[in-house]
Structure formats: C-alpha cells, structure tokens
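The chain below stands alone and is given as structure tokens, in the form predicted on its own.
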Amino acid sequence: MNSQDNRNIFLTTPIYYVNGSPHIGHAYTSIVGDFLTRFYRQQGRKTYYLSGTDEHGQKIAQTAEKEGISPIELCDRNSALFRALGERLNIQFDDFIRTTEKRHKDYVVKMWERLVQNEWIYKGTYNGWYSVRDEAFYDESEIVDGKAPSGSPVEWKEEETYFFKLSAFTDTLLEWYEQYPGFVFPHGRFNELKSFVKGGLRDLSVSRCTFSWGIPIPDTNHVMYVWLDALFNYQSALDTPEKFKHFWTDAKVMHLVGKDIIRFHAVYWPTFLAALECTPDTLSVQAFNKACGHMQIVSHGWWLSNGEKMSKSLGNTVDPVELTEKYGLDYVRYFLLREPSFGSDANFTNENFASRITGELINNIGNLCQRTFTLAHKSCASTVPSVKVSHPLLEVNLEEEMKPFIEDFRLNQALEVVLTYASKANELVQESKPWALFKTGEQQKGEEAIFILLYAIYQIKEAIAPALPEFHARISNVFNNESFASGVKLNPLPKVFEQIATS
C-alpha cells in the first residue's frame, strides 16, 4: 500500500466454510487481519474489518446428513465456533456475516438479477469434473490421477445449469492485470494466475439443481453456485449506503485469502464485479477499473506441522483454542505473525514456538521491562525521572520504521524492527549499569539511563500493540495509561511474560 494513500481501508478475511471446526490456518488469517487493522487505526486510518462464515453448498448438505442434523443446525453450531475463536484471539471484527442471513441472501439475488439483465448468464448443460470438497469445477487438463489440483477427489457431472460468460473476459482481464500489477500479492502467485488465465477461461457453471442447500434462484428449481453466493459477502455486509460508500466505493479494499482460494478471488470475483458494470458488448478495461481498481488480493501460504501438511487423518492438526489456553494469547499471536515470511508456507513445531517466545519475548523484551521497572520503583520513586538527556534511542520512531515493512506485508520483519530496538535498549542497560550508578551515588546519571529505558519500553509497547494487545494493556497500566512524560507515576509491574513448557 502506498504510504501516500490515505483512503479508508476495508479489510476482509475469507468467510470460513462451516463444514468443520476452526484450525490454525483460520486463526492465522484472522490474526494477520487484526494486526493490520490495529496498525492502520494507530496510523489514523479509518478501517473496517469483516469476517464471517460461508454456509451453503453440497459439502454442507452432505456433512449435515452424515451427522443426522439439518444443514442450518450444522451451520449454527459451527459458525458459533468461528465467532468464538475470534473472541478468544481478541480479534477486532467490525462485522461477522453469515451467508444464511437474510441481508446477504437478498443482496445476492439482486446481484444475480443484474447479471441476468446485463446478459452475462445463460442456461445450458454442464458436463465436467466437480470437486465437492473444493466446491469447484475443473478442466480436463487440470485432473491428475483422477484428482483435482488440490488433491481432492472429483466426480463427473452432467446436469442442467446456468452459466456465467467467463470466457468473454480472458483478454480484457489480462489487459487489466497488466495495468494493475499490484492487484495480487505476492507477485509470484500473480504470475501463476496470469498463466492460468492465458490458457483461456471457460464459461462457469453458476447454479446447481441436484441439491437444494443454497440460495434459490427466483422462478427456477436451481440454487446458486456457492462461490457466486459467497464472494458477494464482501458487499452484502456493507448494508447501509454510508458503509458502502466509505468502505467500498471510496476505500482501499484488501482481501486476505489463503493461496488455495486465490483463483476464486482474483479471477471470478473481479469478473463478477466488472459484469455488473457492463454488457458483453461494452466490456472494457474501464469496467474493471471502476469495479475493482481499489482492490487488492493478499494471499498467504499454508501452515505445516513438523514439515507436513496438516490433516485430521495424520493427527497433526493444531487447535488454535487449545494453543491459546496452553500458552496464552500474546504468545500465539506473536508466533503466528513472526514465524512465516508472509505469502510462503510456514512450519509449526513446539521447538520453533519455544525458541521464538523464549529468545525474543521473554529474554529480550520481557527482560528489559523487568529490569527497568524494578530499578525505577527502587531508585526513582516509582516515577519517570525528570531529566534532560539525549540518546539515539530517544530519536527513534518505531511505528514509522515498521510502516514500510507492514505496507509490503513483511510482517515478520516489522516485528524484527521492534526486537532490534529492544536489544539496543538491553545493551544500554549493560553499558550504563544504572544499579551501580545508584549504588555509588551518581543519581542523575542513573535517572538519565532509566528515563531512556522507560521511553524505549513505552515505544515498544505502542509499536507492538497490534501484535500483542495484552502486553500493551499491561504496560500501559504501568504508565497509568498516560502519555510518556517526566513525572508520570508508575504502577507496579505485573509479570510480563511467563516461561513456557512445550511438552
């Protein structure tokens, strides 16, 4: 995101599919979005953060049937789990939408009618491969050993359907991609997507008539294809004219998604939106500019467990709720943000987790806080000393130094900026030895050192607040929730970080 771009920000997670319980991948996406939301709000940017659950499709119907419950009972139960996870992770969602809500269904029906009116939808017969698990259609060329590119099983489908004229968009979409090189992050993934589109797009089946768990298409026996339904949640949630204007029309829209669903967001979604602006005869790059020129698709990788893809059958999944209950919220948020290079796959191991937390939080930031506040209470009357002093640590603006890394989604490096600053503050402790200065009667020099160190801690707690909201709250309380200044009275310091046992 350009540093000079001061538009409002509309930030979204994908809406999570409710055929199963939340896993660490869902937690990661939500935490990244929350980190960005908190950071941009610190920067004074108006930011609206949306999440929710995707609740239609054949997979939901089949799962509910296996469990002996109705589809809506399955959706109610599992949607509540995703909402609870957000609360457990201290995620600041502004809205949490469900695709079974009336506001969403009504909106999607209106969009369907506009697509029909603009001549983008026609009736035909679908013959091809379909993955129930992916809720996706695949070309013959994509099927390997009888499976989809994702590894999911596919089945041959022959049924009446409505088609969206996706094939008409191939050349115009590619032209628009070239004019908007920042549309997909990371860039390597965008190149893969362009190669897919260059192979030629085929018209997309956008309805099903062999099951009924979906949004009914008026005056037919069909329901909408789940991805056509689901993607419009990003607009249906902005359910007042004011919200739509402030956080869609006039905003920078950032869709956070996993790499496995990038095609739906970077091919289908922009073409749906462009189709609302034109007919096949008037299709142009301008339609994309108007509909999608304010959007960016931000794609992250997968979380692995000890180098293997997580799966229930292997028994190597990581439950984010259990993780936070065992280690605490800040530790989980920190590790998930710090460990991966955003966009690449990341590996979760107990050893990696313990190393990050112990080496970077406990021994670095925690140690700095513990020593500094102990000396401030013991030798500075529990007060920020009133001194005049200059030092390089006082000249640093951590939030500004983090900003270019965050805007380029190098979140782990943004946190490293904080760690480096904390390390320099710890070096000052060792060099100045304020405890010795107080002991030998050099009170002013000791107070000067404590002033610098307290300022450093104040900077750290503000800069790292988007990642560690609990740490920020505890340290803010020590400073009596006041701005940093000489004479501020300090409260006792609670234990900042606890040692962890990973067994």
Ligand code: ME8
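Counting begins at 1, following the sequence as shown. Quick caveat: nothing in here was measured; it's all calculated off a predicted structure.
Absent from the display: the form predicted together with the ligand. The rest refers to it.
Residue contact check for Tyr16: one or more of its heavy atoms lie within 4.5 Å of the ligand in the predicted complex. Residue contact check for Asp34: none of its heavy atoms lie within 4.5 Å of the ligand in the predicted complex. Taking the partner from the other structure, the ligand in the predicted complex has no heavy atom within 4.5 Å of any heavy atom of Thr271. Of the heavy atoms in Tyr225, none are within 4.5 Å of the ligand in the predicted complex.
Proximity to the ligand in the predicted complex, taken as a non-hydrogen atom within 4.5 angstroms, holds for one residue of Gly366, Pro385, Gly301, Pro186, which is Gly301. The partner is absent here; in the predicted complex, the one residue of Phe169, Trp176, Phe247, Tyr234 having a heavy atom within 4.5 Å of the ligand is Tyr234. The stretch from 458 to 466, 474 to 482, 66 to 74, 24 to 32 that comes within 4.5 Å of the ligand in the predicted complex, counting heavy atoms only, is 24 to 32.
For the stretch 254 to 269, the set of residues having any non-hydrogen atom within 4.5 angstroms of the ligand in the predicted complex comprises Val257, Gly258, Asp260, Ile261, His265, in sequence order.
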